[in-house]
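The chain below stands alone and is given in structure tokens; this is the form predicted alone.
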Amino acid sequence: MYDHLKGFRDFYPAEMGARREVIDSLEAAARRYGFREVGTPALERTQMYVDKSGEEIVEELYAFEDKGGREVALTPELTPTVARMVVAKQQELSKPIKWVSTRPFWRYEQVQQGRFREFYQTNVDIFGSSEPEADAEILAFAADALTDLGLTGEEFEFRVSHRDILGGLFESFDADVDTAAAIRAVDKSEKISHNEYHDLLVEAGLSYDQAAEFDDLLAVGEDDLDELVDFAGTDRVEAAVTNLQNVLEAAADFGAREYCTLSLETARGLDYYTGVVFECFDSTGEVSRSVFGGGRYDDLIESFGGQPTPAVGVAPGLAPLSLLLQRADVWPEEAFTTDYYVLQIGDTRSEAARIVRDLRERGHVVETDVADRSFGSQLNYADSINAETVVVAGEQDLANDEVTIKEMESGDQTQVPVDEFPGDLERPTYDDFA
């Protein structure tokens, strides 16, 4: 017997059916917004991630040397890959570029609630627009995607912030601050103690008094953002505050503002984020971690050798999203659904196959016996796959030019002339003939 690897999971049909329903719903929401599906490789050059995140990232990758001597890695995220793709055909692609992709990713990290070493995400990105409407459309897509799945505004919230507000505030202190390290500390603030958080800010260059003052600044309300502009006295913070306000105004027009909460403690840990960022959280707090996040990364395309291209995106992960859906009791039912089971008794394969083909041509899910089982075994199997209707094609039935139609839920059944089934009916059931 072989066990699956730690952090990797098997999905049997009932659970996979629920997952497929969620994925289809996410992708359907993206299609309504005009996002076009792309396909991407599972392997990329390791150097691409090293250049973006530093040598230490290799410890988190499934990285190895392939048989051609190339250093490669299983993709841990999609953003660098789609950035590479945009650079490769930047002159040919119409702007804005709007892409969607659902696929697995791999990271060698600690397995915990909602986090695995192989995980699935639906990535939705817009390239080529720096306007607030692009950020708002990403927020609106995310809101629609969640409400399509049965969630309400009482069950989730988008905590919205701006990286340039954080960076600009750090720069305004009379200190030699490592801004990237300080922002990473802000990103960790919800996961560590208050003292540990302040220690990280001090390691990044602030004094303890400045760390406390910075904390107070982040507590301002949406109506008091001008206080940050006054404190910093820089164009960077003023522009960031204006941009954040414009994004939230556009989100109101797009129907997503009700889900957004100002949260300047939200930072997103990846260094390539540049503007508005947000994270989705369970409003009740029962799912303790971020469900997913997104934001603007305007410099990434240029860093990959392309022309300056603004970009913004979001990536709902299926594992943490499933925790939220299950907590809210809207996770799809994990059960088989089958429209028809055509039961064969004796030498009736030819007529049974004709009925199966006719029903499948109408788009129905239809099964029939492929294991030469008895009547009772076939009926038990039909019950196990939740067949709604069983069509019995037995030798005696066909000798009378009939088939038996059985409604499984009630157990009611009736005989129907074989040449009238399915006839002209799109979805014939017991009620059509009783």
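A residue's number is simply how far along the shown sequence it sits, counting from 1. Computed from a predicted model, the values in this text were never measured in an experiment.
Same protein, other form: the form predicted together with a further copy of the same chain, not shown, and the subject of what follows.
A.B. asks: Does a further copy of the same chain come within 4.5 Å of any heavy atom of Val366 in the predicted complex?
C.D. replies: Answer yes; at least one heavy atom of Val366 falls within 4.5 Å of a further copy of the same chain in the predicted complex.
A.B. asks: So in the predicted complex, is a further copy of the same chain close enough to Arg427 to count as touching (4.5 Å, heavy atoms)?
C.D. replies: It does not: once a further copy of the same chain is placed as it appears in the predicted complex, Arg427 has no heavy atom within 4.5 Å of it.
A.B. asks: Does any heavy atom of Met408 come within 4.5 Å of a heavy atom of a further copy of the same chain in the predicted complex?
C.D. replies: Met408 lies outside the contact set for a further copy of the same chain.
A.B. asks: Even though the partner isn't displayed, in the predicted complex is Ser288 close enough to a further copy of the same chain, meaning a heavy atom within 4.5 Å?
C.D. replies: Residue-level check for Ser288: no, no contact with a further copy of the same chain.
A.B. asks: Using a 4.5 Å heavy atom cut-off, which of 223-231, 132-140, 188-196, 321-329 contacts a further copy of the same chain in the predicted complex?
C.D. replies: The contacting stretch here is 132-140.
A.B. asks: Heavy atom within 4.5 Å of a further copy of the same chain in the predicted complex: which of Gln113, Thr337, Thr284, Gln307 fits that? Just give me the one.
C.D. replies: Exactly one residue meets the criterion: Thr337.
A.B. asks: Sequence order please: the residues of 248-275 with a heavy atom within 4.5 Å of a further copy of the same chain in the predicted complex.
C.D. replies: Counting only heavy atoms within 4.5 Å of a further copy of the same chain in the predicted complex, the contacting residues of 248-275 are Glu249, Ala250, Ala252, Asp253, Phe254, Gly255.
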